[in-house]
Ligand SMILES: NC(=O)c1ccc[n+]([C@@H]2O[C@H](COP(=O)([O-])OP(=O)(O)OC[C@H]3O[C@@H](n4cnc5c(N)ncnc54)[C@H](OP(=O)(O)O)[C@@H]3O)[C@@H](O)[C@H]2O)c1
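In structure tokens, the next block holds one chain alone, the form predicted alone.
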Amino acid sequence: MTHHATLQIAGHTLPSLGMGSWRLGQGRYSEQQEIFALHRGLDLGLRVIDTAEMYGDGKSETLIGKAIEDRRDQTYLVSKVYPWNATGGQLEASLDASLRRLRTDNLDLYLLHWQSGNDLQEVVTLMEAMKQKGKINAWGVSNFDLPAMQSLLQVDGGKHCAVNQVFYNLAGRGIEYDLAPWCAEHDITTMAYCPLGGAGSHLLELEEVKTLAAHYQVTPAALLLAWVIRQNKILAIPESGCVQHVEDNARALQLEISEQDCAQLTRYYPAPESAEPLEIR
């Protein structure tokens, strides 16, 4: 099984593993620990840092802003806009507020967080305008299922969508049936959130996962991440506020799981045989 540890987003070559930040800046770890963890991730080449105006009402962006102030050039920075802010009167103000919290004058990638009856033509036009102004380098969407992606590509400029960020992990494989292949075919990178299963998941505790991780001498998290990024065009963004976890996760970039072990891992979680509704967390 060939291993693709890198992929392309809008002309940038990036590692298939980045860092999520849903709960950063909200007291789970100390601020200093979380900043150290982000620095360690950057040192290990996990350049993509993903956040959103929604996370902790801006606290996640604020913490990341502190962490990357001197390391902006090493970071591929991603944030997201609430659907109700993705309108003519509001998108630029939301983007500017995110940029202030992140202490930067532009984002590498800006995503519509989910679709909530938005006029897609309006969203695309606004995103393209922000590109023209130099405030973002590329744009994309999050939580879009296949019909939504198809609608997006029908609108003028929609084909410039660089990314669709969706829920994907060993136990949640619905996107493999049609959405992920379609995105790959249209040169749209799939970003996987909750690659370790998300809240309430037992993936890390599964005996099969623990046994196989021990065999490869990595943590269960690294094994699950290596599985998620085993195919090209998927970028996983596990969250961590802790240096040790970031170091463990980074090992997934070098890990190749054999065909046989992949089969063992997926025995209880087979690939979907028909279209499934998109899981959203």
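Here the structure is a predicted model, which is why all the values come from computation and not from measurement. Residue numbers run from 1 along the displayed sequence.
Quick note: we don't show the form predicted in complex with the named molecule, though the next part is all about it.
Stretch 140 to 148 is the contacting one of 87 to 95, 140 to 148, 175 to 183, 120 to 128, since its residues have non-hydrogen atoms within 4.5 Å of the named molecule in the predicted bound form. When the named molecule is considered in the predicted bound form, only one residue from K135, H160, R101, H113 comes within 4.5 Å through any heavy atom, namely H113. Among residues of the shown chain, R23 is one whose heavy atoms approach the named molecule to within 4.5 Å in the predicted bound form. Although the partner is absent here, D248 is a contact residue: one of its heavy atoms lies within 4.5 angstroms of the named molecule in the predicted bound form. In the predicted bound form, A221 approaches the named molecule with a heavy atom inside 4.5 Å. Among residues of the shown chain, E239 is one whose heavy atoms approach the named molecule to within 4.5 Å in the predicted bound form. At a distance of at most 4.5 angstroms from the named molecule in the predicted bound form, all three residues R28, Y55 and G198 contribute at least one non-hydrogen atom. Interface residues of 75 to 96, taken as those with a heavy atom within 4.5 Å of the named molecule in the predicted bound form (partner not displayed), are limited to K80.
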